[in-house]
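One chain comes next, on its own, written as structure tokens: the form predicted alone.
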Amino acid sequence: MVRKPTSKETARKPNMREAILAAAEELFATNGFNAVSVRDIAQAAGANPGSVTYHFKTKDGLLLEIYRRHCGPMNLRRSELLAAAKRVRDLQDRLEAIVRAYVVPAFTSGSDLAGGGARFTRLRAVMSAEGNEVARKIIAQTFDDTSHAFIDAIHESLPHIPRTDIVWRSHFLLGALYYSLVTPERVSRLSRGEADGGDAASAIEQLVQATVAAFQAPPLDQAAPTRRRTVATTKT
């Protein structure tokens, strides 16, 4: 039977709950959800397994609390930036501001809950890759409303682009955002040191500009004939 911490133990360690959250977030972001045990989390936090179950009941409850801590503030910040972006009159500038409103909060320092943090974004990427059903439900419940708001705002700026195309391109944006935060060293390696993948400011600018260009690309139904002609020419 797992022992629960006593009131005296809780009093001696008032920051134990925070320590457990920080340890779990780091372990989940590094190793995934399935590979990490309650005992692993307790050991990393300098606690006993009973402290984890006392504060969060289950490992699922711990993951849910991590998402709650980050997602509320992140969604609020994105909504604030989106509201400001939608007031920009020039459509080109507005589109860039909308994309920036989505990207910037994810690159905020990992210690800043108002921005979500790079570590939490890495955790989300790992959870998505792992295909964990618990995380999938949490992500959908937490982010779908905000995602719809951004997709609608982009569609208003690019009304000639079908909404389905915008959904696909926003999906690619999320993947690029994840990858930029999870493996920044790849940029440094492939550029042979000429670019610093860990430079958040540069990463933001590169990602914003590339995404804006992607959103402005011709609709798929218009671009298809050109591609077919190109393929036919190549085969002959």
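These figures come from a predicted structure and were not determined experimentally. When you see a residue number, it is the position in the sequence shown, counting from 1.
Keep in mind that the form predicted together with a further copy of the same chain is missing from the display, and what follows is about it.
- Residue contact check for residue 102: one or more of its heavy atoms lie within 4.5 Å of a further copy of the same chain in the predicted bound form.
- For the chain shown alone, residue 71 is not a contact residue for a further copy of the same chain in the predicted bound form, no non-hydrogen atom being within 4.5 angstroms.
- a further copy of the same chain is not drawn, but in the predicted bound form it has a heavy atom within 4.5 Å of residue 81.
- Although the partner is absent here, residue 46 is not a contact residue: none of its heavy atoms lies within 4.5 angstroms of a further copy of the same chain in the predicted bound form.
- Residues are counted as partner-facing when one of their heavy atoms sits within 4.5 Å of a further copy of the same chain in the predicted bound form; in 167 to 205 these are 167, 168, 169, 171, 172, 174, 175, 176, 178, 179, 180, 182, 183, 185, 186, 187, 189, 190, 191, 192, 194, 195, 196, 197, 202, 203, 205, in sequence order.
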